[in-house]
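First, one chain by itself in structure tokens, the form predicted alone.
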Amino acid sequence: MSDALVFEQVSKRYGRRGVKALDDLSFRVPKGAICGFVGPNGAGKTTTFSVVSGYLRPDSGRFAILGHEGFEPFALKGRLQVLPQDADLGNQHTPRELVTHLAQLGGLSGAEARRAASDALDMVRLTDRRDKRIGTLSHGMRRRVAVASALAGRPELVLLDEPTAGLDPVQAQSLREVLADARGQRTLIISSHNLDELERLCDWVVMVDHGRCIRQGTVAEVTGRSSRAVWRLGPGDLPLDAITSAVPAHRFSIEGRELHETAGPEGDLDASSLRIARVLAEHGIAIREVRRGQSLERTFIEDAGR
């Protein structure tokens, strides 16, 4: 699979003191992926988005967007779209007017832009508000207008900065469904502090800290879903020796009422689960929960801590 975005040792400094916002940052995002771009405040996320968007030039390194070296505005017109976190939509316009105008700036004809605006506003469930002044809309509706403006037309790569910020749980879930529908059709890169949300939505993740990439890969790889499991168990003496004997290729440890399992190179969590469940049943130990891997949040905190 080819890549929608590639950074290779990109650096960017600010101010007279030359504070490094990006420090030889290298990562890749496959085409068609929904990528979570994760990092604490000051990690370099906004600077990275600004470089990709053409607002900033890096001091060194190379980057490629949709196969083009660096930021090429004419080659990327309509193919790259960006949603800043605090986008000012203009209260005097209607959603239909705003999204149509932005779609035209992306290279669509008037008729194409009008159709694209209608489709995008339908997509974010604002059909009945498309002709209301934006200034009269709630914060959640305004946020959905902003997302519609980023998705309208035929963008191949979309950068979204905190797209669900300020939305209530129902609105956030609705917007996640909209973004999930774009999987495979376009590449989305989502910067957010809501790691639980990203874990549910994304299939690729890039973790950055202090301007460097500290981990990247599929969400399953990063969180260890294919190699780690945690069993939360009911009361009783945990038969660790019996479990180890039943699955000798895996490593086990106990933390409180949790059994932690790590598969070896040739391990198979599906096969081992049957043997472990059998041993637990023989010893009268209830299985209350089995979780593959660890959360994206815990993974990031551990990696950033190191």
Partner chain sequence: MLRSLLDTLLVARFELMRALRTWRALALAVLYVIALSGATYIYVRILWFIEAGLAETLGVPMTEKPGAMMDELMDNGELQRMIREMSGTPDAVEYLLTWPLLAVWGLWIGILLLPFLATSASAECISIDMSTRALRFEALRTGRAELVLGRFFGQVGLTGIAAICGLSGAWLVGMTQMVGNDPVFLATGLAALGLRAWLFGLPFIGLGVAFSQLTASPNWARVLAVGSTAGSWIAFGLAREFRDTSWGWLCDLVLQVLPQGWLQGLWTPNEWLISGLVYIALSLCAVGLGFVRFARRDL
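Worth saying up front: this structure is predicted, and the values here are computed from it rather than measured. Residue numbers count along the first chain shown, from 1.
Form predicted in complex with the partner chain: not shown, discussed below.
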| property | result |
| --- | --- |
| Residues 229, 237 and 246 all lining the partner chain in the model of the complex, heavy atom within 4.5 Å | no |
| Segment assignment from 75 to 83, 175 to 183, 220 to 228, 205 to 213: heavy atom within 4.5 Å of the partner chain in the model of the complex | 75 to 83 |
| Residue 12, heavy atom within 4.5 angstroms of the partner chain in the model of the complex | yes |
| Exercise: residue 50 in contact with the partner chain in the model of the complex, heavy atom 4.5 Å | yes |
| Residue contact check: residue 149 to the partner chain in the model of the complex, 4.5 Å heavy atom | yes |
| Exercise: residue 56 in contact with the partner chain in the model of the complex, heavy atom 4.5 Å | yes |
| Option touching the partner chain, based on a heavy atom within 4.5 Å in the model of the complex, out of 101, 139, 125, 115 | 101 |
| Among the candidates 133, 193, 154, 200, the residue which, in the model of the complex, approaches the partner chain to within 4.5 Å (heavy atoms) | 133 |
